[in-house]
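Below, in structure tokens: the form predicted alone, a single chain.
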Amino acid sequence: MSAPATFTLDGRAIAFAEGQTILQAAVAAGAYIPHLCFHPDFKPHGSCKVCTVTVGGRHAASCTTRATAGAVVESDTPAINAERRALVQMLFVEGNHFCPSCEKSGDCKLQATAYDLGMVSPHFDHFYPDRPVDASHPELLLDFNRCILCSLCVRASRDVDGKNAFALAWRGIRTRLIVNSRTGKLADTNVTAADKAAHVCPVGVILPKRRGFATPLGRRVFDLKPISAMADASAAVALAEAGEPRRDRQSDGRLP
């Protein structure tokens, strides 16, 4: 039986199956590449670019670039991480993110990625967009202030739930998440708390009502172990969605 095809990621050999992307193969091998818009249940989208690596010296989004035998991939380098940090800093200032008061703090992939990349300030001027909070639904709260335009809820509602409850509207700097209903309110859709779309948000946009801070701060997924230290990034996603704490070592403090 022939050996599986491999590429090297930061000097480590990563086996891959035909058709897998670099990020998919890395996740399967327990190798961490920072990412926000990727989810193992959906076709890669390539919108956030946080998973950018160099392949043979050229920049590429690892979530959409197919793995090829013998490729030399670099991810954990000072230059690439500086670019990722700038992208994450821009996501923080484009929306209204205030980690200490957010229900998702400690379970938030944006916050955890910022920690991992050594982000200590937003660096850029805040936009302070005027975005509403939609509390119309009996089971779910929508806080559009935290949206990073990953489109995971859009894809989950369309491809899994079959409801098309969410969409990204407008273009460029004006792009924002909207609800597909006559009034623009979530209450006027057939979305339920059991839908896939209600559980894929990597930040704190879609939140269940009457469950605020059910898991205490300090005991949440990324409080207990940094995102890059998790052996399998997809497991981190699943734990964060389920709100289950990891019984591992304590990480450093929270974003100020």
Partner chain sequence: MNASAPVARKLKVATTSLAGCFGCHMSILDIDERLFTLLEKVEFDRSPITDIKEVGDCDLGIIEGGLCNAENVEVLREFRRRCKVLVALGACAINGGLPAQRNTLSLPLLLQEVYRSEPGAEHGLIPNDPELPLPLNKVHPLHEVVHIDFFIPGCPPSADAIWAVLTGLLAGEERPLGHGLIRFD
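Numbering follows the first chain given and starts at 1. On a predicted model such as this, the values are computed, not experimentally measured, just so you know.
Note that the form predicted together with its partner chain isn't included here; everything after this is about it.
J.: If the cut-off is 4.5 angstroms on heavy atoms, which of these, Pro40, Gly30, Gly46, Pro226, is the one near its partner chain in the predicted complex?
T.: For this set of options, the contacting one is Pro226.
J.: Which residue among Leu217, Ala214, Ala194, Ala69 has a heavy atom within 4.5 angstroms of its partner chain in the predicted complex?
T.: By the 4.5 Å heavy-atom cutoff, the listed residue in contact is Leu217.
J.: Under a 4.5 Å heavy atom criterion, is Gly184 part of the interface with its partner chain in the predicted complex?
T.: No, no contact at 4.5 Å.
J.: Does the 4.5 Å heavy atom contact test between Ser75 and its partner chain in the predicted complex come out positive?
T.: Ser75 lies outside the contact set for its partner chain.
J.: Answer with yes or no whether Val120 is in contact with its partner chain in the predicted complex, where contact means some heavy atom within 4.5 Å.
T.: Output for Val120 is yes: heavy atoms within 4.5 Å of its partner chain.
J.: With a cut-off of 4.5 Å between heavy atoms, is Arg174 one of the residues that contacts its partner chain in the predicted complex?
T.: Taking the distances in the predicted complex, the answer for Arg174 is no, it never comes within 4.5 Å of its partner chain.
J.: Using a 4.5 Å heavy atom cut-off, indicate which stretch of 161 to 169, 174 to 182, 75 to 83, 91 to 99 touches its partner chain in the predicted complex.
T.: Stretch 91 to 99 is the one.
J.: Select from 103 to 137 the residues with a non-hydrogen atom within 4.5 Å of its partner chain in the predicted complex and write them out in sequence order.
T.: If the 4.5 Å heavy-atom criterion is applied to its partner chain in the predicted complex, 103 to 137 yields Ser105, Gly106, Gln111, Ala114, Tyr115, Gly118, Met119, Val120, Ser121, Pro122, His123, Phe124, Asp125, His126, Tyr128, Pro129, Asp130.
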